[in-house]
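Just the one chain here, the form predicted alone, laid out as structure tokens.
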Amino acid sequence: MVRSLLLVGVGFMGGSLTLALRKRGFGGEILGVDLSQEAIAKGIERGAIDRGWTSLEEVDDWDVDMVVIATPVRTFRRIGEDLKGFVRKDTVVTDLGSVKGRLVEDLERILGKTFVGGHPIAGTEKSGVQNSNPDLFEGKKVIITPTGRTDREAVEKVRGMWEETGAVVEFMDAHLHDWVFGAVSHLPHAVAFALIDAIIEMSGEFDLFRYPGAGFKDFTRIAASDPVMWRDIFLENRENTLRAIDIYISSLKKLRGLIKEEKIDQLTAFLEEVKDRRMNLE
């Protein structure tokens, strides 16, 4: 049972988590740390946190049951090192990062067996605690990535927290997680960013962005996501992201070849197969 919580990174995802817990009856105190005083003020105003500070050193109450790290993933190791000097030995530390793998191993080495890796499969292109959504996780998957060393009680506390938000919890190996989401999350974001860059390149003297259709807007919506967050994700999950990009380039070349050589039957079959697989997602 979690009675109090410290949120490190008072932004859209972290704020959505704490607001979801509040909406569903969490009565404990929620503290916040963020480099931005404005984010702290907005978090308090929004009801996402009760009190907040701009550094861990300023926190005046470390009697918390859980710490949730909700910052860009490349800050996690430094935050872990800083937390080590403050948290109780039984305080559970978890995160909202979309990269696990070596990051989980490093944080477990730094913080011990009460660190539990977590990744909610939810979000939008919006950022900032002022845009937080208390219903963001309702019915959405959350991946938890315990290792052989992870404390079972800590895992159950993290599972319980997420189930309180209405999320559906699944467990996965941390390294498998990074390949799976390198393919189905990190690659689509890379493609969306690259497509916008390509249209910039093609615009030249004529601004192609004056004529965006609904499909273009839908496809590139995620290119409006936080650049710092996605820079860190691409770099932290570099090997899997590059592998996924290479496979995507191969598929794009296959499609290019069918169009260039006017292989009508093969092109139709290619498009039908892809359409069928996409329709199955619904």
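Counting begins at 1, following the sequence as shown. This one's a predicted model, so the numbers in the text were calculated from it and none came from an experiment.
Keep in mind the form predicted together with ligand NAD is missing from the figure; the text below concerns it.
Is there a non-hydrogen atom of residue 36 within 4.5 angstroms of a non-hydrogen atom of ligand NAD in the predicted complex?
-> Taking the distances in the predicted complex, the answer for residue 36 is yes, it comes within 4.5 Å of ligand NAD.
Do residue 101 and ligand NAD share at least one heavy atom pair within 4.5 Å in the predicted complex?
-> Looking in the predicted complex, residue contacts with ligand NAD do not include residue 101, since no heavy atom lies within 4.5 Å.
Contact between residue 223 and ligand NAD in the predicted complex at 4.5 Å, heavy atoms?
-> Contact with ligand NAD, no.
Do residue 17 and ligand NAD share at least one heavy atom pair within 4.5 Å in the predicted complex?
-> No, residue 17 sits far enough from ligand NAD in the predicted complex that none of its heavy atoms falls within 4.5 Å.
Given that ligand NAD is left out here, which of 134, 112, 72, 166 has a heavy atom within 4.5 Å of it in the predicted complex?
-> It is 72.
Out of 161, 96, 83, 116, which one falls within 4.5 Å of ligand NAD in the predicted complex, going by heavy atoms?
-> Exactly one listed residue reaches within 4.5 Å, namely 96.
Candidate stretches 166 to 174, 125 to 133, 85 to 93, 143 to 151, one within 4.5 Å of ligand NAD in the predicted complex by heavy atom | It is the stretch 125 to 133.
Sequence-ordered list of residues in 4 to 24 near ligand NAD in the predicted complex, where near means a heavy atom within 4.5 Å | If the 4.5 Å heavy-atom criterion is applied to ligand NAD in the predicted complex, 4 to 24 yields 8, 9, 10, 11, 12, 13, 14.
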